[in-house]
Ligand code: 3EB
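Presented below, as structure tokens, is a lone chain in the form predicted alone.
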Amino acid sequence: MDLTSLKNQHLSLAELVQLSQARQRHVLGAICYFPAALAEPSEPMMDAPVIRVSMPPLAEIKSDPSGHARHRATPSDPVCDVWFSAAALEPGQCRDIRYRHDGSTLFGVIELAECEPAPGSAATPLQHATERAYRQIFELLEALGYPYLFRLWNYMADINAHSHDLERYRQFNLGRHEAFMACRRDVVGNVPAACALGTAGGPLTIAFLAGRKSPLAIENPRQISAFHYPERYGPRSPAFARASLVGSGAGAVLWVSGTASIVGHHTVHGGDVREQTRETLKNIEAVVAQANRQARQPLFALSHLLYRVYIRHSADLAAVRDVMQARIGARFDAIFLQADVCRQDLLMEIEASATLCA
């Protein structure tokens, strides 16, 4: 079993909904990023599991076949991160999760409002919603025979805000940890790639990819593994790997988690978005090098990745984009989004993926 049929692409919302019906049948799932005013739920965009995230697009860079970068500013045009499968897809819904799968890979989405837990519970509404969402994910994967999580995208409003005497991101980590433990999932070592970002509003929104082939968790030698963070970062550490590698050779897929300007476990270059971007790219380069060492061949490079770039302040777009182009070169593909990052002192974060053709 391999993932050679799995492909990732950035499309505008217009491009996504205008796909032919034959092509739409091969959409495994998508995450669509909308300006806040347009992100309210509406009629489904297609039969595939697609979620709307209230996260304003800032710009998009795509490389044409000649290798020249084409810039497209998209301040009002929603942009989508789309996963395709060449195989036949089977759709489904289980409780709050909508999904499609192809026999090797499953893409699912879940959105939950933050409701008060049962009387007597010490959990916060966000913690409670997170635990409920992850329990549903684990139960679905067990039922359908997709035991391995490859990648998770976690989006929540006001990620840096404090309530119930605790930062909301730390509340999220508590709920995630409780679900991992309750479902007898590892919270150390064998964890998936992931990100957690703050949105302009909306419910807790999670998208995930899972499969039947065990991924290889990749760590960064420049950083302490997130699941070993000291208690200063919250009562429960984040449960994710720096990257996930699935498959080998030409059929390999790499997911790089949300990566920021962190060395060891410390934020570095506070207040300097250009230096934070340079440090972030050093971390991604280190993760890619580790993945290539694990694969025992140079499968991946910075210029081969598909990037999602989260920027706290929209005014920093040009600075982040310029640093990326100077380091990666003109030939790269990225979407730039305005979002809050999980630490207040982080000004930006980058995640990436790479799918190789057999």
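Note that the structure is predicted; figures quoted are calculated from it, not measured. In this text, residue numbers run from 1 along the sequence as written.
Below, we refer to the form predicted in complex with 3-(2-carboxyethyl)benzoic acid (3EB), which is not included among the displayed structures.
Here the chain stands alone, but in the predicted bound form its contact with 3-(2-carboxyethyl)benzoic acid (3EB), taken as any heavy atom within 4.5 Å, falls in 165-173 among 98-106, 165-173, 247-255, 120-128. Mapping the unseen interface onto this chain, L140 falls outside it, with no heavy atom inside 4.5 Å of 3-(2-carboxyethyl)benzoic acid (3EB) in the predicted bound form. Within 4.5 Å of any heavy atom of 3-(2-carboxyethyl)benzoic acid (3EB) in the predicted bound form lies no heavy atom of W83. Looking at I262, you'd find a heavy atom of it within 4.5 angstroms of 3-(2-carboxyethyl)benzoic acid (3EB) in the predicted bound form. 3-(2-carboxyethyl)benzoic acid (3EB) in the predicted bound form is not approached by Y148, whose heavy atoms all lie more than 4.5 angstroms from it.
The contact residue chosen from N220, N154, Q276, T199 relative to 3-(2-carboxyethyl)benzoic acid (3EB) in the predicted bound form is N154, the criterion being a non-hydrogen atom within 4.5 angstroms. With the partner removed from view, the residue among L16, C342, A339, A334 that has a non-hydrogen atom within 4.5 Å of 3-(2-carboxyethyl)benzoic acid (3EB) in the predicted bound form turns out to be C342.
Not one of Y33, I51 and F208 comes within 4.5 Å of 3-(2-carboxyethyl)benzoic acid (3EB) in the predicted bound form, counting any heavy atom. Residues from 180-212 that approach 3-(2-carboxyethyl)benzoic acid (3EB) in the predicted bound form with a non-hydrogen atom closer than or equal to 4.5 Å are A194, C195, A196, in the order they occur in the chain.
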